[in-house]
Every structure is written in C-alpha cells, then in structure tokens.
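Take a look at this single chain, the form predicted on its own, given in structure tokens.
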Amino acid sequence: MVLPRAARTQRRTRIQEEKEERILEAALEVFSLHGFRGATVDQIAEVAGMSKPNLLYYFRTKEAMHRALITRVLDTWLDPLREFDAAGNPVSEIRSYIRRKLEMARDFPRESRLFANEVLQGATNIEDELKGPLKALVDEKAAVIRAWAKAGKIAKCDPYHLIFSIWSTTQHYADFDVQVRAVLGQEKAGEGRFEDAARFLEQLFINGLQVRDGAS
C-alpha cells in the first residue's frame, strides 16, 4: 500500500490520522463520481475543505490517494470471499456469501463504484493486485467449490463463473443503484430492495446448484 507522507514519520499524531481520513473520504467521493481520470487534486481539496498545499503534504499525488483507496477497498471487498469455509455446508456458505456481498453493495456503494470505474478504465493502477492476491484467493475458493461438486454436495459447475456471477449480480445494486430504484418505483425502492434481492439471488443460485437425481 502507498502510505501518505505523514504516515512515514516516526510520530504520527491523532490530528495527522484524522486529516488523512478526511482526505481519503473526500477522494472517495470525487473518484467514485468522476473516476481516476476525471478527478483532480483541486476537487478533492475542495471537498476535504483543505488547501491544496496542505492536502499534498499528506498525499503527494492524485495517484497516491487513489492507490491508498483501491488497496483499502480491495482488502474490504475480498473479506467475504476469504471467509468462504471449505469445511462448512456449501449451501450455507454460498447463501452467506451472497448476503454479505449485498450488504456491502448497500453499505459501501461509493467503494463499489470506485472499483468498477478503475476496472472499466483498464485497471492499470491495480493490475498487480488483480493478477496477484485477488487471483490467488479466487483460485483457492474455486478449488473449494470444485471439491464440493466432486463430493456430490452441489451440482457440477464452473467455479470461476459462479463467483463472477455472484459478483456481478450483487454489485449491480451498488453500481446501478439509480437504475434499480427508478425501475422498481417508489414502493419497492426502499431499503427492503436488498432483502428482496437476497431472497431472489439465494433462490437463483441455490436452486441452480442443487444435485439432481440421476445427475452424473
């Protein structure tokens, strides 16, 4: 992770920590709206309520702020997948994973859009993370899903596309929230939409993974 300049000093004060968080919160707001290319240091400084020179004391460049946010988002985003337990009941594990991903879409929509914008722009700033830690984790959990299928606990499936499908369907509720609420209308677009989505996606994935009689 790229550390802010103040974080590399021997003594890091509470005020320094608070200002770094204030800057990152402002950067998250700006990056999630405009993407990396469209965002400027001036915009971030304005949202943070700080002067540009003061902001640049903590983070020397726009790239440093973006890297710090992306690293944090990736770490948080992958937590539910890390908790995917090979020793657990497959249905319970998949159901829990779907629900946790939807909770993140509900609670961290800006982070989801930040990540989506980065990927849509070629992911040049996180290519190493995608090909390294993220791939290693997905490979590990794909092996878990494959083992469940081999043991007859779930139907045979491509584990990578299963994970991709859960990602895409759950994160849709963050990345396309405006569209979701517009289509659902006022009566169905409240917080209950996430519970409705959870029930539907559980049914969709769990039913699709059930072992059918006579299946080989």
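Worth saying up front: this structure is predicted, and the values here are computed from it rather than measured. In case it trips you up, residue 1 is the first one in the sequence shown, and so on.
What comes next is about the form predicted in complex with a further copy of the same chain, which does not appear here.
Inset, instruction - Report whether the minimum heavy atom distance between Ala147 and a further copy of the same chain in the predicted complex is within 4.5 Å. - result: Looking in the predicted complex, residue contacts with a further copy of the same chain do not include Ala147, since no heavy atom lies within 4.5 Å.
Inset, instruction - Decide whether His172 counts as a contact residue for a further copy of the same chain in the predicted complex under a heavy atom distance cut-off of 4.5 Å. - result: So His172 counts as contacting a further copy of the same chain.
Legend entry - a further copy of the same chain contact in the predicted complex: Glu63, any heavy atom under 4.5 Å: Outside the cut-off, so no.
Inset, instruction - May I ask you to check whether Leu162 falls inside a 4.5 Å heavy atom distance of a further copy of the same chain in the predicted complex? - result: Result yes; Leu162 sits at the interface with a further copy of the same chain in the predicted complex.
Inset, instruction - Go through Arg82, Arg72, Lys131, Arg95 and name the one with a heavy atom inside 4.5 Å of a further copy of the same chain in the predicted complex. - result: Spelling it out, the residue with a heavy atom inside the cut-off is Lys131.
Inset, instruction - Would you give me the residues of 116 to 145 that have any heavy atom within 4.5 Å of a further copy of the same chain in the predicted complex, in order from first to last? - result: Sequence-ordered list: Ala116, Asn117, Val119, Leu120, Gln121, Gly122, Ala123, Leu130, Lys131, Leu134, Lys135, Val138, Asp139.
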